[in-house]
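Heads up, what comes next is one protein chain in two forms, each shown on its own as structure tokens, labelled structure 1 and structure 2.
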Structure 1
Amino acid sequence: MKRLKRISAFVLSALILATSYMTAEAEEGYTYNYDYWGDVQYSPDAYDVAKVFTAGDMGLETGLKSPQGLSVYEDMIYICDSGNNRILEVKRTNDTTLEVQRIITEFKGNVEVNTFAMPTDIAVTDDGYMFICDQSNKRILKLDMDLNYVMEFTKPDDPNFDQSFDFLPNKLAVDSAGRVYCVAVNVNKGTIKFEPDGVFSGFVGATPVTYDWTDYIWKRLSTKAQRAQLESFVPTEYDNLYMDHEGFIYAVTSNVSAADVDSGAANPVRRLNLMGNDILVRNGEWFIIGDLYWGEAGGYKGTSLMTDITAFENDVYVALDRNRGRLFAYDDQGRMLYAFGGNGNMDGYFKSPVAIDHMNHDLLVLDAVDSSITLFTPTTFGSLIFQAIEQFQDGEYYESGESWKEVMKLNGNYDLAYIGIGRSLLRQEKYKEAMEYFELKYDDDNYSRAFKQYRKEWVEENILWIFIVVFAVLCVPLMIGKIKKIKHEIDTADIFQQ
């Protein structure tokens, strides 16, 4: 009996230890990154969950129903409560309080339909206008902040737009001039561009066409009837847009194949200029695709599927993966800063994340199934990363290096801290020290830049000695040879004289 009790106690202790270990592993694994070798490196959390807000937390009597859109303007948050055909204007007063200011179900003006039908996205501009994707009413509305109707953008009457399809605007972005860029259902030619007066002016940023060579050859050999049944090689649709502070459009698409993502042929995240060209910098070790590895754990399989994106003023951007509910942050060079999140029922996890936006450095994520908004605030670790990046951008290179050293104290395995210190030393013209940090993390490009400058500096400092050595190597033997020749001629002349 005593032996049985001892065995039971041992088993219980083992279970407690195993549970504690699993819990520690789960907490540690919430935030991670990839090192030079592609191995997962867990790190301190970059963000904490301040609070998860439901309808009741915001003072609503009626819950959210399949919300699809989220937009932040100053201290206001606008939510497209799509299933309830309304727009919620919510004010953030602190980290734990969101208060509904207006429930917008209709607007004023001389228009036939002054209510919403499945609003899916909203953008608020600095000149005081709201642009709303009123999807089931097949229009984009422009209202002033007093909810007066201004104008609407409807189906383009243009041969470049397939007239057999309805105009179903899904997501939008608006630039400082009032031009509207729209992602619409079943439109795969890029974003639809409207001028401020509502005139359709074409498509912007069509994604490159990708296809499998075997499918292409088979299509070439097929009959006309067979080709009609095959999938067309056409550009893919975007899922969402975000207009950054410089007027460039971040665009994401989840219409990618695992093979294209793995090979780098697909770019699920793009940054478009006014011409629609992708200008996203990709200097990181890895493709900007979210997770580098994907399995079928927990019933989720396939690549990260980017459904929305937001960008800070320090050019850090965060993409939202609807597949596994994760957030991926990258710097302006395309290096992953960190990833966190997941699917689940705990705070900081999601059931169906559909939209993301930011308020300063805080992040807000809208969950369509859970009908909630999760507010994330940076931790000390995350704040130090932002501080180091912003100091470098402001030309405060020494201070940036010191901030990266503070980051290293919290996470000694954080590759970007070493690279950040190296870059700050490089800008301070401390090339030899910079080379040491770049070498530690195998940053060949920056190492080459530092070495080139170090070599130039060394040559300039040692030019006199270099001249002396070159003179000694090239001229001294000639002089010795000349002296020997003269001596030989003198000696020969003495013999002949005798």
Structure 2
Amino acid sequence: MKRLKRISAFVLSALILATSYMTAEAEEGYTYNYDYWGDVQYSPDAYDVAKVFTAGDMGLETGLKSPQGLSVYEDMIYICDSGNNRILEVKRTNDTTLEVQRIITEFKGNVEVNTFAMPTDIAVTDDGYMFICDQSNKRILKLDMDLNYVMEFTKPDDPNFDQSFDFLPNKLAVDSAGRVYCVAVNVNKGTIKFEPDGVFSGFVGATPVTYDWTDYIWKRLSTKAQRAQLESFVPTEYDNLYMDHEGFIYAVTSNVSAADVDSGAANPVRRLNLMGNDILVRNGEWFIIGDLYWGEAGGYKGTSLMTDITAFENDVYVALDRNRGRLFAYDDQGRMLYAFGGNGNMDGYFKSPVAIDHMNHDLLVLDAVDSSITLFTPTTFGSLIFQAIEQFQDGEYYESGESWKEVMKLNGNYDLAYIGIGRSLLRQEKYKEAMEYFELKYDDDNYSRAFKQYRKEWVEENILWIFIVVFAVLCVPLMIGKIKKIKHEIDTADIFQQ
């Protein structure tokens, strides 16, 4: 009996400990967002880890060795196993199974070297070609799906390209016309653009040079030799590219100073059009820089360092931070949807994340040190957010509002849910209700839009009263004055004096 008591006491205390541990976990959540004031608001998880795949899980004999590139084409996943000089073609057969289809180590064709040396990135196009950054062989290969050599893109023979460096392609993106945009080691003028026939046609996406008056004064004061050193050139070294469904290139860079990121002078995430101009929409309250605050906790210093990015068909994009191993999702207006992840050994945490891609609404993250692929699937909360965004884009405003209400039920601190409901009500011409939602989350532009309509309606309804009040205010004092004057005249009139 005594023993039983002891055991039950032990179990009870363990339970209490466990629950207290769980509540502590809930406060410091895995997923978070920033509210209007920039305060961190923890939220329910938007993504769950479905499974972490290692080489063994995919049925491979030799493990992955420092894999660098990941690309998804329909239900196929292409992994650049850079350390083993091979490319894996993996098929996702169901939710939590990946099966290796082909291990590509060589290709057919009349070229000197038929193998890869340190392949770092791969892109697969709709017309059935693979483009591979074959870094140590200093070329970009174009192969068809049966592994026949088609052509290669090599070091540009152009004075604009610094001939003293080797051409070491690192990452690439290919557009629908077959133009190749490439990020190479030691090239800091933007992305290298090749025409479909392999001709180098310039650099795209360099950071535009901005002047301010201090530069001007320095230039006036400096000698000619000094001026040459002050060459007006902002180096742009992109880390990775992603070609979205509309043909725009999402580009990320981690070569930014913390001060510039903090002040908004540097943009680590960009969306480039064909001219290389940054057209990313930045309507959010905060800069698109990942974490807004950074300390030195856990030995990780500085800003979020974006190493890869992927964009869904609904224009939501997710950037991957290699510094703290986090994923940051933003909507088409540049407002943060959620951030999650971290560095560590548990599922859903990373050691050295290098690449990200998506399959429908699922996310795949490649870890170079852990040599694994983490498959994330959206939770109810995450799916509802996507559903609400997509319904709004499709013009189903009422349904979108209902979906945002579901989101709000799961997370009452989610600013975008309030704004989403407001935008839905605004489209349904329920201005007064929309205003309430916008006011709760300080969305002044949308509030003004709703208020303008509400005010117009109000004036139209009450036009009679407005006229009466204006008339009263203008005419009553006049009449009172007149009456007083007449009364005064009567009182002082001579004929009544006797």
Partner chain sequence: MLASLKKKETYTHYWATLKFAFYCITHPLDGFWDLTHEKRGSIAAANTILILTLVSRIAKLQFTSFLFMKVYWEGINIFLYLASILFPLALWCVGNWALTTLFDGKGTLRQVYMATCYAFLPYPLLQIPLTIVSNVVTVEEGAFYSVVSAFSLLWAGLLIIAAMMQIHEYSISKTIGFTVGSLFAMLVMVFILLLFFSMISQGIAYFISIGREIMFRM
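So that the term is clear: the rigid core is the largest set of C-alpha atoms that superpose within 1.5 Å between two forms. Every residue number counts along structure 1's sequence, beginning with 1. The structure presented is a predicted model; accordingly, all values stated were derived computationally and were not measured.
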**OP:** Only one of the two shown forms is the form predicted together with its partner chain, so please name it by number.
**Re:** 2
Original post:
Just how large is the rotation of the smaller rigid part between structures 1 and 2, in degrees?
Top reply: 16
Original post:
After superposing on the rigid core, how many Å does the CA of residue 478 move between structures 1 and 2?
Top reply: 9.5
